[in-house]
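Here we start with a single chain on its own, the form predicted alone, put down as structure tokens.
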């Protein structure tokens, strides 16, 4: 079993078993059977971020929980094979592991998804306390709100209090719950819908986007990075820095699942390697591009060389 004494990145959040359904005969018909192709893989926002980082050579460790079922065994083995330190993850007896089912339309965009992360209810503050000394040695802590919000709050303000925290709001529903936590976060990465949910301000225009980011900074974050899919990304920080980055358009998107997680991994890669904010955004856009071009949630051949080649090919 992999065990890093001083991982560069600690993640706290969900490790899910993912089932991705792609409609074979569009359109999706509700309340009826649909013919799909199905791909099963290990997933979960934080786990996916850590796997991408591990494939980029960043020592990564996870704090989470999984059940003593076939899904849990697969989750642990897949993570360790990818290079994630899972030695601190809690194994829960008689409990089902987290699972996530998504349905994608013919264009590769998600139509609907379902998620069960109830196993994370088996984590408590004492569990985080037992690993606080380890977490505080890391360069970055990354988390997502799949765990109960009070535990996420404890992790951010207690366990990782001396470490820059990167937070992915995940969805508009989770994003609203995250508002009180923003003041403990170094970098938050919402998409436009999540940014609107958290700030109550439209992002319809570039001017609106700027105001919404200012409101996010007022909530307490040091930096906000908005991922905008085909339209690239936008960064604003407390020091007045603003950066707008966009890559060349992708002709054929294979799979949108996991793109946001890959984007976050590229961003963190830039941070822990001391790159400039512009360079870090290019890393984020590159890893996100690699993800949507892959049939897999996480591209198994992801590497620093692949990321650099993607930057060279798609940077505008």
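All values reported here derive from a predicted model rather than from experimental measurement. Numbering follows the first chain given and starts at 1.
Although it is not shown, the form predicted in complex with a small molecule is what the next lines describe.
- Residue 292 belongs to the set of residues with a heavy atom inside 4.5 Å of the small molecule in the predicted bound form.
- At least one heavy atom of residue 260 is located within 4.5 Å of the small molecule in the predicted bound form.
- Contact annotation: residue 148 falls outside 4.5 Å of the small molecule in the predicted bound form, judged by heavy atom distances.
- In the predicted bound form, at least one heavy atom of residue 288 sits within 4.5 Å of a heavy atom of the small molecule.
- Look at 249-257, 23-31, 36-44, 63-71: in the predicted bound form, residues with non-hydrogen atoms within 4.5 angstroms of the small molecule sit in 249-257.
- 228 is the sole member of 92, 113, 228, 219 with a non-hydrogen atom within 4.5 Å of the small molecule in the predicted bound form.
- The partner is absent here; in the predicted bound form, the one residue of 102, 187, 199, 191 having a heavy atom within 4.5 Å of the small molecule is 191.
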